[in-house]
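So this first bit is one chain, no partners, the form predicted alone, shown in structure tokens.
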Amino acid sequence: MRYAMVIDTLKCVGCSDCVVACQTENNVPHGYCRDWITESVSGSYPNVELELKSERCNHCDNAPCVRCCPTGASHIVEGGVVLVTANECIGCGACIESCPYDARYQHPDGYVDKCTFCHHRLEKGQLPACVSVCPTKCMYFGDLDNPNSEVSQLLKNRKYKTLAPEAGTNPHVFYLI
């Protein structure tokens, strides 16, 4: 199994419900976030396009954050989820610097924190909090290895992109365009 998230940029309205759900579900300290909304404007008047999207850790197959972690606190678990074991993290910040998605932050308690795809929820058969609260249903989550899963079908039938493909990380967050 390889977990993946697919986000439909044509449906996202930038409401930030995913951000608040994540902060609440994971007790993220005030002023910090594991996911965020970006806004990109392209073109020129009268042909202007706006793209809104929810961003987070991309849970990469070739994760530079895991490779550079001196203690092994950053690691990949079954399903391809990249996690940080807080009590093994020394807070050196090497993983923060190596992440091409700027998806990690220094927690006030001294360790590095990031999106976990709500691993604790996945273990119970639940969706990540961000996916479960999205009012426009623009976020999808599932198994890339299952060709019949919703995420596999979306990627098969729709045009999509990943962020920073030049980084060679093989990310597991995809954006439908």
Partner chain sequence: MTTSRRKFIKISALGLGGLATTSSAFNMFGVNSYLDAAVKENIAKKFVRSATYCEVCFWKCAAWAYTDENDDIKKIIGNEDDTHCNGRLCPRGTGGVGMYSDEDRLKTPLIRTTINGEETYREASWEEALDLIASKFKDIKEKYGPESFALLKHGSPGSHLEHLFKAYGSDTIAEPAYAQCRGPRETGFGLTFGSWIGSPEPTDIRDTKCLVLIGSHIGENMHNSQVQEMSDAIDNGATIITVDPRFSTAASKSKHWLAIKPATDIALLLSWMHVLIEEGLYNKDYVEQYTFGFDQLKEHVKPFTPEWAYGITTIKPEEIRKTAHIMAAAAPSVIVHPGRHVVWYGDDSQRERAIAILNGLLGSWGNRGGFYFKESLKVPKYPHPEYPEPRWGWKDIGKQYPFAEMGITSELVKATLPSEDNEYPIKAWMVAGTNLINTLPEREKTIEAINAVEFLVVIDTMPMEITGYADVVLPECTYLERYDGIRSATNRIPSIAVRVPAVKPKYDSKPAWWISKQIGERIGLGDYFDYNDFEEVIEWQLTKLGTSLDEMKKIGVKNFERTSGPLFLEEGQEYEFYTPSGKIEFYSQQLANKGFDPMPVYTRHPEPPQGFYRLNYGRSPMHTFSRTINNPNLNDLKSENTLWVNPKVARILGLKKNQEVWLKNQDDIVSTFSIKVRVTERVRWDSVYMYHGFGHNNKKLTRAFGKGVSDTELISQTVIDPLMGGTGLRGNFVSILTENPHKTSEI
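What you see is a predicted model; the values in this text were computed from it and never measured. Positions refer to the first chain, counted from 1.
Not pictured, yet referred to below: the form predicted in complex with the partner chain.
The closest non-hydrogen atom of A94 lies beyond 4.5 Å of the partner chain in the predicted bound form. Although the partner is absent here, P70 is not a contact residue: none of its heavy atoms lies within 4.5 angstroms of the partner chain in the predicted bound form. Contact check for A167: no non-hydrogen atom falls within 4.5 Å of the partner chain in the predicted bound form.
Contact check for D113: a non-hydrogen atom falls within 4.5 Å of the partner chain in the predicted bound form. Counting a residue when any of its non-hydrogen atoms is within 4.5 Å of the partner chain in the predicted bound form, the hits in 68-84 run H75, V77, E78, L83, V84.
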